Every structure is written in structure tokens, then in C-alpha cells.
Ligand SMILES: Cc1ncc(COP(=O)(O)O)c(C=O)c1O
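The form predicted alone is given below as one chain in C-alpha cells.
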Amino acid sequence: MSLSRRHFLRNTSASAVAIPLLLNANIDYCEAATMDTSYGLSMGFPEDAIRLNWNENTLGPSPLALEGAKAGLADAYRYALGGLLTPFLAEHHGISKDWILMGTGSTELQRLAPATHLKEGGNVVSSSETWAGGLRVAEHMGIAVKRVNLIENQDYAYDIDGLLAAVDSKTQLFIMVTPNNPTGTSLTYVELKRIADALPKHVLFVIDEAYTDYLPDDWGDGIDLIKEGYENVLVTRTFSKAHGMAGLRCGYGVAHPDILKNIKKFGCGPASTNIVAFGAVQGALNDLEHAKRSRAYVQKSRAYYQQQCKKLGLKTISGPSPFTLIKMGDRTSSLHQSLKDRKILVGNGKSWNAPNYLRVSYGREKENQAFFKELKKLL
């Protein structure tokens, strides 16, 4: 990122000082000084709850991202023009800005893909044990979704042969999540290319790469396919995970401009990016080492979870992503509730068609330790 593109952050300190907006608010300053400044940010969770259920990055955002967010907050009365972030991302990925579209997280793009590509009907092919945001939209539209099970006895590997066999003349969308949520299953570049080569040109290959920053730097991805000339590929990315900005809701899609043009008819407009995220994204792109620190923390946490589960005789399924599946069998739902009663919140695998597993997001070290302390009591 060139220094000239850091202009947004140049007055951050002054902007942060200017955050108290009482100067022109006609408020008595003595009264204002005694106002209650506590804010409810629990999102309805019990006090002191240990939240290991939403795949959040407990390291939080980069310090530079926070500085960018503060700069944006001072201009909160302004609308943000999200499209002006595309040059920064274009430089980051080495691709034209016309091939990038900003969204409210990558979720907006995932949910708009069915709306734009299934207007005339057809069907969708995807896996069963996976995040189903776009799939549910298709089903609400009355579209058939053909789900293919992952291969359980191979640590939930993708059944690529089965997925491709499910494609027929009516298939319009082929959706994959890699690394997968909740199994962590990751497709190699060779596997992605195999799928792209096998799909008919009219089928949009949607690749959800929300967790791709947790993969090794030399791991090929869907954007590499696009650079190689595949014009029926849509890759979605987010700043929610490795960049620790889930609450700011900022993501983007990378695809041929014609695909993005169709999506823009239904959403992903200027209002999809808020001004705080606008500043935070620029800060995050100036501190890519933070994502690597997040990756290192996840690797450390994963090793800890595997070690503790082995001591308890529990089978785990995990990949590079910031969570693990722990096999509990018939006890899954009861353990899920018992942990919740102890204010330890984890995911129930039934939400992803994996009812015999708990999905546990890695938290802070003390939170991870507390989880295993309580789990051991329940087993």
C-alpha cells in the first residue's frame, strides 16, 4: 500500500480528540459530565458469558484498523461511498478495481447471488454440512438445492465427484465454502481448478473464502482462477474473520464485471459500507501482518483443543479456520444446553447438518481453559 493512500488516516489523532460532539449540541456541560456513559454491548448475552459460538476473532482489529475506524467515526454524519475502497483492494490483489464489488460483509454477496442468477429458475449444487446463507435464499425463492454430503470417514472431505455428478442442464449455481464452516475442509487450487474446468460456462461458481486468510500464504485460491481467465467465478471475501472486524460488516466480491453488474441491480450499493468500516479497511490493509498474527493464534489454539480433546477421548474435526468440531454423539444437544446454562456458548452442529458435533470457536486463552474445565465436569 503506497503512502499516498494513507491520507485517510493522516489526521486520526485529531479526529479521535474531536469525537465528543458537544461543542455544537447546545448541552449544559456540567449536566453532560454527569450523564450515564455506559453502553449495552452484550447483544443479549448473559453477563460474563463466554462466547465461543460465532467464529469471532478474539484478537480484535489491527491497531491501524482501529485508528481508521476512529477517523471514520468523527465523520459519522457523512455517508460512505464503498466503491472508493476498490482501488485499495485492487492493489492488494493485483486485479482491476472494476472486478471488485463491496458488500455488507461477504454475506450480502452470497445472498444476492441466487437473486441475480436464479430469476429464470434452475437449481443449485452445494454440500450438506456447510454454511447455507445463499442456499436458504434459493430455497425461499422456490429453487431446488441439491446437497451432497461430505465424506465423514475422511474427516469430512468434499465429495468432488459427487458434487460434479449432481450438476445437470438446469444447474445455475455451484456454491463452495473453503475453508468450510463448520468442518474447516479446504480445497486446494488444483481441486478448485478441476471444478471450474468441469462446470458448464453458464454455471456461476461461487467460492466463499471468508476464512482464506488462515491458509498458508502460498495456498492458491479462487482469485487466482479469475486472474487465469475464468469468467464464471465469483469469490467472496470478508474483513470479519482474520482482520477481526465482524461488527463493522464489510466484505467484497471479486468476479468478471458483468457478474458484478448483475449483482449491483439488487444490492451492494454505496450504503453497503459505513464510514467507520471505510476507515478501518484502509487501516487493515496497511497492517496485513495482523491477519498473520491471527493465523498464528488460531494454530496455537487448535493445538490446545486437540491436546485437551485427546485427554478426554474426544474426536475432533478441524482445519485452518478459527473453530473446531468436537464429536459428542447423542449427547450433543444436552451438552450444548448444559454449557449454555453455565454461560458458555458454543454452536450445535445440527445447524450445519452435523448433529453429532459441537462447533466451538477459539476464544481467549482463559476462555478456552474455562470451556474445557466445564466440559470435563459434564462428561
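Quick caveat: nothing in here was measured; it's all calculated off a predicted structure. So that there is no doubt, residue numbering starts at 1 and follows the sequence shown.
Quick note: we don't show the form predicted in complex with the named molecule, though the next part is all about it.
- Remark: S186 does not count among the residues lining the named molecule in the predicted bound form, judged by a heavy atom distance of 4.5 Å or less.
- In the predicted bound form, T107 approaches the named molecule with a heavy atom inside 4.5 Å.
- The closest non-hydrogen atom of Q172 lies beyond 4.5 Å of the named molecule in the predicted bound form.
- Contact check for Y214: every heavy atom lies farther than 4.5 Å from the named molecule in the predicted bound form.
- Only one listed stretch (240 to 248, 270 to 278, 81 to 89, 162 to 170) carries heavy atoms within 4.5 Å of the named molecule in the predicted bound form, and that stretch is 240 to 248.
- Interface residue among V125, I259, I223, A210 relative to the named molecule in the predicted bound form, by the heavy atom within 4.5 Å criterion: A210.
- The partner is absent here; in the predicted bound form, the one residue of T116, N181, S301, S294 having a heavy atom within 4.5 Å of the named molecule is N181.
- Of all the residues from 66 to 89, none has a non-hydrogen atom no more than 4.5 Å from the named molecule in the predicted bound form.
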